[in-house]
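First, one chain by itself: the form predicted on its own, in structure tokens.
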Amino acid sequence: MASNPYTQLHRRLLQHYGPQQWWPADGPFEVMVGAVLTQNTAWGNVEKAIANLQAAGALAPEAILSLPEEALAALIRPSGYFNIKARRLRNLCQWYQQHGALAGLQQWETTSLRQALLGVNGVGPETADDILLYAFARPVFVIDSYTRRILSRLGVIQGDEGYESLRQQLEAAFEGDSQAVSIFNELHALIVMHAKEHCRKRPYCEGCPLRSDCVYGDQ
């Protein structure tokens, strides 16, 4: 690919798929809930769980904390691992409330906010970065298995890089760009779309917009 493979990747995927307009949520707190619920499950299952929370009037931190853990787990059952996720949601809501909710947390510098999120039991790097990018509009890129798969097949990375190393490498490619937040927002969504359409575990190469540069496809 080009000397900056990440900007080239963004341009070509955007040209092929168009804007994805992520994250599919009504407000920052719903993004945070979705980021926890989407762990190890498909987004369609998350939508069902969020719909249950909405129907029960429980899509707010105070409401989630007021529910018995068993009742919360029942509501989010469609998302899978519901007992674990119920505890994780409660942990996140307690942390959120203790630090002034959205208004308070928006004042935090990005590195400090990320470190604090990672200190919440059940919030790993990918979940934290989902929240930072889509709830707090911070210039942080989300590394997921789709990102690693696509970049490996393109020959841009080896594939065994650590999460932080790969995240910093990708963010550095857009350093100083005033549109970094919107670029990261779209690029992550576009990567997910491309992984579902073409770069699957068993790839479907016909019509792939990245085919001409794909090392894996050449093999």
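In case it trips you up, residue 1 is the first one in the sequence shown, and so on. Here the structure is a predicted model, which is why all the values come from computation and not from measurement.
The same protein has a further form, the form predicted together with the DNA, not shown here; the description that follows concerns it.
Proximity of P209 to the DNA in the model of the complex: non-hydrogen atoms within 4.5 Å are absent; the residue sits far from the partner. Though the partner is left out of this view, A74 does not reach within 4.5 Å of the DNA in the model of the complex, counting heavy atoms only. A116 falls outside the set of residues with a heavy atom inside 4.5 Å of the DNA in the model of the complex. Shown alone here, G124 lies within 4.5 Å of the DNA in the model of the complex, counting heavy atoms only.
Among Q168, S182, N45, S152, the residue placing a heavy atom within 4.5 Å of the DNA in the model of the complex is N45. With the partner omitted here, the residue from T110, S145, Q98, Q107 that has a non-hydrogen atom within 4.5 angstroms of the DNA in the model of the complex is S145.
Here the marked residues H10, H16 and F136 all miss the DNA in the model of the complex; none has a heavy atom within 4.5 angstroms. Residues are counted as partner-facing when one of their heavy atoms sits within 4.5 Å of the DNA in the model of the complex; in 59-97 these are R77, P78, G80, Y81, F82, N83, I84, R88, in sequence order.
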